[in-house]
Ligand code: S3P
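Below you will find one chain, with nothing else, as structure tokens; this is the form predicted alone, and questions on how it binds or moves follow later.
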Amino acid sequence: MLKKVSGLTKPLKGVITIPSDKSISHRAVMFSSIAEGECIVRNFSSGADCHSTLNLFKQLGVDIQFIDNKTLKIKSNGKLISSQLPLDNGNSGTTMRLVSGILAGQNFDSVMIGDESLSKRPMKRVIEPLTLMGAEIDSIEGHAPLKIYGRKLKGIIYPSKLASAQVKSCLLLAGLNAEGETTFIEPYTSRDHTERLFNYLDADIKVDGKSVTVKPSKLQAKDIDVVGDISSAAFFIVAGLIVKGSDFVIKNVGINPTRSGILDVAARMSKGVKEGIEIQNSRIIAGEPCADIRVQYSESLKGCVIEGSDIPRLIDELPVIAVLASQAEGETIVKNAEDLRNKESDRIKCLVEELTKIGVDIKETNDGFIIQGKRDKYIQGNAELQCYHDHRLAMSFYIAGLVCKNEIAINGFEWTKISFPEFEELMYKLTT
């Protein structure tokens, strides 16, 4: 699908409600499927990745029914059954990595497969620590398909070189069914949805700074309301900051501090200016902080450095942050983000190649990129961009198109349905 985008001639205005958080939607289904009892999951994500998780657990014998298109009823005795067919993870790396931790300690064997894109993504990061716990997993040089032989697991202390919520969650899930304690230590604190939801569902879990320990536990089923996805909100936040005259509200956004790096960067870039980001109606939902966010156009964005502990808190938002940086005065440097190369695409290489086509002054580095912002606040445009089967690149390029002098075209825009099928509908709502 070729999507054409033209620069906006009027501001974004109105109120929108952002779709549900995909990370929490994944976990709500996974954790409820291995919990004992019956529960309701409200505001479940409509994205294809989360439906891959849902269908996988149905295949493992869990009773999951839709009450309406965003509400699930999940009933489980806490036990899974073997599937005679491979478990299809679709395009979802979250599903494959987290479910590996669940399946490694079962009393049956499993095969997990994915689409062409997922089959290229690295799985050694979960295979290696699971193997230390006693798991036996076959792969194709660290890639899917994965053959997981269910085994008795033992707890370990695992000091990770990578701050990764997926690896952390995988080991904590394995630790629920392992002998002894399982401890994960990371260099920076990655998103903590698993820890919060474990605590909510009565797991025996302890968080001590960058260290998380879980003891063998049975999760107890409880109703879960899923907050809005800040990674989806990020595209609208950036659009509001760079489209002149914009002023709108995004309702029901999760503002978990391990995920809210985009808000910190926006504040950093618009420091000292009245316009920008305003947090309203803060509250807690199922253990997750949530709020409404007012976004206003910022006249005087300034470049900044994004590095170190910033990165785990905004890793998925970096492509659209690159668009934001293109509209800021001065230099923006992104460092320590080498894991961007292991996403649905090599997001560093692809982002630099495609944004260069439309006139953004962006240079690739080993672990990130450097952008020289344009003072005239417009991007040249007039090019066809490739999204490389990557939903976040496709939506980031769309946001760039809103401030281009000339029309752009995005090839493969249908990949946005992987995570955010409502994207265009919500954007249209703010432009009418």
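Every value quoted in this text rests on a predicted model; they were computed, and no experiment measured them. One-based numbering along the sequence shown.
Same protein, other form: the form predicted in complex with the ligand, not shown, and the subject of what follows.
Contact check at 4.5 Å (heavy atoms) against the ligand in the predicted complex: all three of Arg27, Thr94 and Asp316 pass. The closest heavy atom approach of Ile205 to the ligand in the predicted complex falls outside 4.5 Å. The ligand is not drawn, but in the predicted complex it has a heavy atom within 4.5 Å of Ala165. Interface membership of Arg196, defined by any non-hydrogen atom within 4.5 Å of the ligand in the predicted complex, is ruled out. By the criterion of a heavy atom within 4.5 Å, Arg125 is counted among the residues contacting the ligand in the predicted complex. Exactly one of the stretches 165-173, 325-333, 291-299, 205-213 approaches the ligand in the predicted complex with heavy atoms within 4.5 Å, and it is 165-173. Applying a 4.5 Å heavy atom cutoff to the ligand in the predicted complex picks out Asp339, Lys343 from 332-351, in order along the sequence.
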